[in-house]
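As structure tokens, one chain now follows by itself in the form predicted alone.
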């Protein structure tokens, strides 16, 4: 039986740290308002680096940690909603930047759940024997989509990228997964809407590229669906909660995680949070947190972790993983 395992992690964030106080110079807000409602204290904004640039730097960090030749990479999947172009894919640009000329490369769009969706796809390719390994990256430059007159939304998001290197293994790595979508509520979070207009039918184009979010709807979805997802993972895997080293949630809002903690009676100490430092980097939040934990020595071989995300689509996903 072939399985897949995470062997290495890596990350990259732009060097420009933007504090809540910095935001007050261009947004009608204040530090106390942002912190108490979200738990965010700062985030990183790109200054000229696009999504493929930071994704490639995160990918290079992964490969360097494993001393992996880019030419030996079979598959590159980038989860993103903020690609440089509609086409080419961000993954193809990353492939070129890394010199991974033998890799198949494509993107996945599932917003903040995207990294989990991408890992699931990579796992299936590896388990089927089609590919031996995969570089999976979550990367976003969301700052280019923020409307800085929408103070309820623009203060929540940041830029960043991170990823993992997965390889075929004789022992299981992904012990259970649960994913889903609810397109009926998809318009609760949108970005880059463009109507089907052209020179013959409709001459005034709607090009509202800003990220728009119904915060209450997303909060309700996340606090209802995420506990369900975690319960399903526990049931599918048969692994008791006490054997899970950490839960790594999508880093969107501290209040969401607090509600999940209360509903499932999981102590907050079990949830790894770095939201205060990075803000919501969408598909990059979970791999950034995972890489940070690995670099801090908080995780060891054979540790069991649970990752869980929710986001635009609306989508959700979770995995029980043995390192």
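All values reported here derive from a predicted model rather than from experimental measurement. Numbering follows the first chain given and starts at 1.
Same protein, other form: the form predicted in complex with a small molecule, not shown, and the subject of what follows.
K.L.:
Within 4.5 Å of the small molecule in the predicted bound form, heavy atoms considered, which of 179, 156, 105, 168?
P.N.:
Going through each option in turn, the one that passes is 156.
K.L.:
Answer with one of 186, 99, 215, 192: the residue that has a non-hydrogen atom within 4.5 Å of the small molecule in the predicted bound form.
P.N.:
If I apply the 4.5 Å criterion carefully, the residue I get is 215.
K.L.:
Three residues, 28, 112 and 252; all within 4.5 Å of the small molecule in the predicted bound form via heavy atoms?
P.N.:
Yes, because 28, 112 and 252 each have a heavy atom that approaches the small molecule to within 4.5 Å in the predicted bound form.
K.L.:
At 4.5 Å between heavy atoms, only one of the stretches 170-178, 146-154, 71-79, 127-135 reaches the small molecule in the predicted bound form; which one is it?
P.N.:
Result of the contact check: 146-154.
K.L.:
Taking any heavy atom pair closer than or equal to 4.5 Å as contact, tell me whether residue 10 reaches the small molecule in the predicted bound form.
P.N.:
Looking in the predicted bound form, residue contacts with the small molecule do not include residue 10, since no heavy atom lies within 4.5 Å.
K.L.:
Classify residue 14 as contacting or not contacting the small molecule in the predicted bound form by the rule of any non-hydrogen atom within 4.5 angstroms, answering yes or no.
P.N.:
Residue-level check for residue 14: no, no contact with the small molecule.
K.L.:
Taking the small molecule as it sits in the predicted bound form, is residue 313 in contact with it (heavy atom to heavy atom, 4.5 Å or less)?
P.N.:
Contact with the small molecule, no.
K.L.:
Consider residue 291 of the chain shown here, and say whether it contacts the small molecule in the predicted bound form, taking contact as heavy atoms within 4.5 Å.
P.N.:
Contact check for residue 291: no, nothing within 4.5 Å of the small molecule in the predicted bound form.
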